[in-house]
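Given next, in structure tokens, is a single chain: the form predicted on its own.
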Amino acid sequence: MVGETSYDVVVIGGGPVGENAADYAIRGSDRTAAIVEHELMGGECSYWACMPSKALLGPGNALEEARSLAGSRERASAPNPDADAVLGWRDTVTGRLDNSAATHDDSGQVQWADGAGIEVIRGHGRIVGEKQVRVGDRLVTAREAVVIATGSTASVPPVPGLREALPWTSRDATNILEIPERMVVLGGGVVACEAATWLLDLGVRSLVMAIRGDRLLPRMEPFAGERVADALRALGADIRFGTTIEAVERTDATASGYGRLHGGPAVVRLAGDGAGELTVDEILVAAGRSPATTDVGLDSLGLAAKGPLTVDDHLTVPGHPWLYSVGDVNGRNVLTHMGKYQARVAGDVIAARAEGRDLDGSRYVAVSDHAAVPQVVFTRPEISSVGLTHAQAEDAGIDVRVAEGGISVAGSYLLGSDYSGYASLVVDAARDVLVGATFVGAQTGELVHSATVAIVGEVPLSRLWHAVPSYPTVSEVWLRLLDQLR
């Protein structure tokens, strides 16, 4: 053993979730913390997920908005964004150092940790006993808590020949360097829909989406998926519902680095309603993610080293009061902002327990995980939602009232005379409070926080009526929807 060190808090995983957990656990105190990270400080979100995906989507969104208005339309005649410039912007956002998709600069994240009083330990961390983490030849001991914030990894279904063909996952799609002419995308969730949008923007000529179910974005209101499907078809996507990949053949698969073609053409056999045989240059698998629990040492504690690491609402692992699990790894949500929320709660809980304080008050309980989760899908059109859908509310036994309709207000018309949007509010009629909201249309991502506040605060509709939307903005749709509910 090279050395042994101890800290009050040890966090395994240096993404934004782990950073928040460490920060909140020691902030304003003399406690110490270390983050163990085997890749890059900043994690999946900074280099392979949220940040690069939004950077790739932004130029196409801006170009479409420019085309919607006289004056800018005349200057925006190009059919697609400039691909090289888009990739350059992505590289700026993610701090990529050169033309290797695996090389990024995380020095800014390390500097932040140093400034917050958090030590960064490079290497793979594994729990080897109570409050003990081994990193290579180094044993790191936590006096108060160990936090697992290792995130999740892309899942590849057990389709004959698929894994051997070395398909792209989300990391390849966000770090794209070589643009395929022909692609098939497996999946119809958020990652699949966003990736299909920017791939078509970048010049993919033929893109087929194979979707097992009967609609896109199945966890959202049906009208959201329908509008995204229409938009993707308009961009050139061939969407095949009720369809799966049956088998893949690729004889020269090569691991050539993130974002590069992994060999020559692949033959993909589709089964189901969209059955057929395709020859494509690349396959993107966007069929879900799995919690990264397989190599963290959970078996040393008698815990399953597979699947989510279950926690209570204090984010503590039952039976192990010193062990916390936050973010994707606990399976509650796979959204960065919800992982950061959990991390703040866990950090506060760790600090309170370290100081002998009672866990009184809502700040120590992750209540918003259950029925107040906001999300924005950055497709065209943009989608924002929070809380329960109409169907989910009915399944929960709620006496539901719904207000819905097209977004047709002065603010939306000023974004373009052909603006098309739709919105719905789901109300618990017995309590007269909002329990869900969905907005579809350009710039609707900025509407969801007001709905989140209304749901979390359980604001009665009679009070919401007095929250006056500014004129002329898209938020005037609130007035139209509330008018239906009066």
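Remember, predicted model here, so these are calculated numbers, not experimental data. Don't overthink the numbering: it's just position in the shown sequence, from 1.
What comes next is about the form predicted together with a small molecule, which does not appear here.
Which of 262-270, 282-290, 298-306, 353-361 sits within 4.5 Å of the small molecule in the predicted complex, heavy atom basis: Residues of 282-290 come within 4.5 Å of the partner.
Taking heavy atoms only, is residue 205 within 4.5 angstroms of the small molecule in the predicted complex? No.
Can you tell me whether residue 182 touches the small molecule? I mean in the predicted complex, with a 4.5 angstroms heavy atom cut-off. Result no; residue 182 lies far from the small molecule in the predicted complex.
Decide whether residue 387 counts as a contact residue for the small molecule in the predicted complex under a heavy atom distance cut-off of 4.5 Å. No - in the predicted complex, heavy atoms of residue 387 and the small molecule never come within 4.5 Å of each other.
Given that the small molecule is not shown alongside this chain, does residue 411 nevertheless sit within 4.5 Å of it in the predicted complex, heavy atom to heavy atom? Contact check for residue 411: no, nothing within 4.5 Å of the small molecule in the predicted complex.
Quick check: do 168, 229 and 380 each get a heavy atom within 4.5 Å of the small molecule in the predicted complex? No, none of 168, 229 and 380 comes within 4.5 Å of the small molecule in the predicted complex.
Listed residue that, although the small molecule is not shown, lies within 4.5 Å of it in the predicted complex (heavy atoms), from 334, 323, 402, 87: The residue in contact is 334.
The small molecule: the contacting residue among 94, 368, 375, 316 in the predicted complex [heavy atom, 4.5 Å]: By the 4.5 Å criterion, the partner-contacting residue is 375.
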